[in-house]
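Single chain ahead, by itself, as structure tokens, in the form predicted on its own.
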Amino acid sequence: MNINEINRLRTEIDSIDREIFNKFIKRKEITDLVISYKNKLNLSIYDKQREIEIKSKLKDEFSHLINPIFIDNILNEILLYSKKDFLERNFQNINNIIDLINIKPFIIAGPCTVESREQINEIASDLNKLGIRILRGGAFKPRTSPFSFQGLEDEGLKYLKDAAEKNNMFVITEFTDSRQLDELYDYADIIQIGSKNMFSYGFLKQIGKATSKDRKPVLIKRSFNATLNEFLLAAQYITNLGNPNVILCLRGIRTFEQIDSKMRFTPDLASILELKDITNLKIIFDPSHACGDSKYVIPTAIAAINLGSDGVMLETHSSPETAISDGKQSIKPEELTKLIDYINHNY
């Protein structure tokens, strides 16, 4: 063995290194094509099962030569690099949302339920003309009765995302289980945790872990029977795992007033003041669920803004009288004008 042989081997190593990086580049070109096709077909960019299969196959083939942990680490970097451009756009998207909710009181609007492609497209278009940037809509509806309409599920979420993209809006929607979180993650710009799931601590941990990487905003609705301390502790399941972008949504609580009150719940407006004293998290109010009657929605929304709410979430529908769910508490998009004018005049 002499120095010439060492140099020859080094030259061979250099050649292999260049080949590896050329393969990386070629792989990314192919995955970019896959991602572009998925976007056109409204398919999720992430495919957790596919990534598991890639790792399993390579471990089966090479684990007798290479430590499986090392194989995992290499593939994690390769898979991350393959999604690099998409992730960068996603981070920018999240930054745009954070900027939006930091400027002045913001409005989230849209129907309780995505009923059809035509319905959500019409509502999104009307809201966009009013300057609303965050579109809400239920695809998965956790109803008290199993006989009630449960939502259009995956198809409804794709309709919602498509309508938002056509109208330069962000999507907020409720996820109710880990399957949706894994397979449909990139369809939501803000993930909503409904009041029924506020106490689902295992699910809160899963959401905290999933959003810790990109810090995608998470909105948690207060359960109608939760104390403020329980509400804040639910939020900490998210923040403790590394995502500080949690929005607290008050939506009315159940009290003795429901014995004879015309309102669906007791609007917990004073809680805005108390929460502002004890947390730096964004706090918004949902007057639609708190009141349960459209005639109270706008006045209560303005009251919430006056008390320091960072925003409001309202249910809007082009034809409330024909809505599949929550028609009584839904307002028409044009009824938002008074609220928008109030915010623009005062903030």
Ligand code: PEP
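Owing to the predicted nature of the structure, the values given are computational and were not obtained by experimental measurement. Residue numbers run from 1 along the displayed sequence.
FYI, the form predicted in complex with the named molecule isn't displayed, but the following is about it.
Contact check for His289: a heavy atom falls within 4.5 Å of the named molecule in the predicted complex. Put simply, Lys158 is far from the named molecule in the predicted complex: not one heavy atom of it is within 4.5 Å. Contact check for Gly194: a non-hydrogen atom falls within 4.5 Å of the named molecule in the predicted complex. In the predicted complex, the named molecule lies within 4.5 Å of some heavy atom of Met313. Interface residue among Asp189, Glu174, Asp268, Glu115, judged by heavy atoms within 4.5 Å of the named molecule in the predicted complex: Glu174. Annotated contact segment (heavy atom within 4.5 Å of the named molecule in the predicted complex): 133-141, selected among 133-141, 177-185, 203-211, 70-78. Applying a 4.5 Å heavy atom cutoff to the named molecule in the predicted complex picks out Lys221 as the lone residue from 201-235.
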